[in-house]
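Single chain ahead, by itself, as structure tokens, in the form predicted on its own.
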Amino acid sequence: MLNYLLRRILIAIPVLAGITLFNFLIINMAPGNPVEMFINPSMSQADIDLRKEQLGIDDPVFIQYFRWLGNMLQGDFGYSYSSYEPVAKVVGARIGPTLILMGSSLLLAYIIAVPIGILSARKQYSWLDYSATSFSFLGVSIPNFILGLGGIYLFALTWKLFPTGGMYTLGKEKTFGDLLHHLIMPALILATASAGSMVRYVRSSVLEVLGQDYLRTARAKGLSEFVVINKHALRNAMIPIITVVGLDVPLLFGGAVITEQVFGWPGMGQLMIQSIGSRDYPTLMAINLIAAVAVLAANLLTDIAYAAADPAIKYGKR
């Protein structure tokens, strides 16, 4: 297992380097440059050129990239163009809220999807199955910002059950209860799309194992249907379901960008939108790097979870 993990990490390093290069090129190919955000009528062309030189954006793009890469490897992500604070400090303050939102959403997605998927498989072609399928299609099809705005209108403005946004109530003490009150609606909205796709995976995985001989043997021994499904069938159906977790991490990151913006959640998604608007390239690169590392780490952890779910899987052996 250790040799396998080392090989995967060695493979991930050039992949990560390619991702950072691609992101850097895309960001710098955008029309305009950060200096345009500071231009005012009193600035001369010499002032503009001096500002570009100070930011280092007058150099060729590949020189800029390797300079950024060298600084990044030393733990220096540069300074934000908009707040003039170290990028590590700006982004570091946003990681926690995003992890809270994404972790809660992933947990809620599993809590919603696994029971519905199992029920849909057990009641195949019944009205319950068709209802679960409809929920799955709607969850995947409806954009997060539509669900978010609809949720704010119904649950915050009309029924006044939840706040319209933010992470804590302004002017009040920051407590866990207040955090939970603000978290429920954005976490549910973000979990809806993941749960929608996950229901289909759970249903198909459970259907695949329901007809296996070992389940008929378990029933013949007198085991209850609950034990047969949850102890025997679900464990063997976990491999495809685990795959969804690795695939959901980039989807959750993408969904968090929109959800955080709609609900004013102070995470990396909201910071990304603000950085795009202010052309804050160093902050954007740091956010993209963290997202890339998270996706690669999620895929690595998914492989480890395979072995935990199925002891027959052995890595590093031929």
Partner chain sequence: MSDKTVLTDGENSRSSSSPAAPAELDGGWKQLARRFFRHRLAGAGLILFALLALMALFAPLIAPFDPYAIGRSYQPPSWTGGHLLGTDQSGRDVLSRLIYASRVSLSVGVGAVAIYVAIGTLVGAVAGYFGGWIDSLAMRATDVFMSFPYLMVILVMVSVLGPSLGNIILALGLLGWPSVARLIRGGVLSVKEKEYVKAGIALGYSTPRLLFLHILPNVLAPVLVNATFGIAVAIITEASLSFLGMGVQPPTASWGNMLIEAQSFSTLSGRPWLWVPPSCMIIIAVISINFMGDGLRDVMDPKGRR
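Positions refer to the first chain, counted from 1. Computed from a predicted model, the values in this text were never measured in an experiment.
Only in words, not in the display: the form predicted together with its partner chain, which the text now covers.
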**Request:** Report whether the minimum heavy atom distance between Trp68 and its partner chain in the predicted complex is within 4.5 Å.
**Result:** no
**Prompt:** With the cut-off set at 4.5 Å between non-hydrogen atoms, does Trp159 touch its partner chain in the predicted complex?
**Reply:** no
**Message:** in the predicted complex, does Asp76 come within 4.5 Å of its partner chain, counting heavy atoms only?
**Reply:** no
**Proximity of Pro143 to its partner chain in the predicted complex, heavy atoms at 4.5 Å** = yes
**Stretch from 83-91, 135-143, 181-189, 106-114 whose residues place a heavy atom within 4.5 Å of its partner chain in the predicted complex** = 135-143
**Request:** Check each residue of 249-286 against its partner chain in the predicted complex and list those with a heavy atom within 4.5 Å, in sequence order.
**Result:** Pro250, Phe253, Gly254, Val257, Ile258, Gln261, Val262, Met272, Ile273, Ile276, Leu284
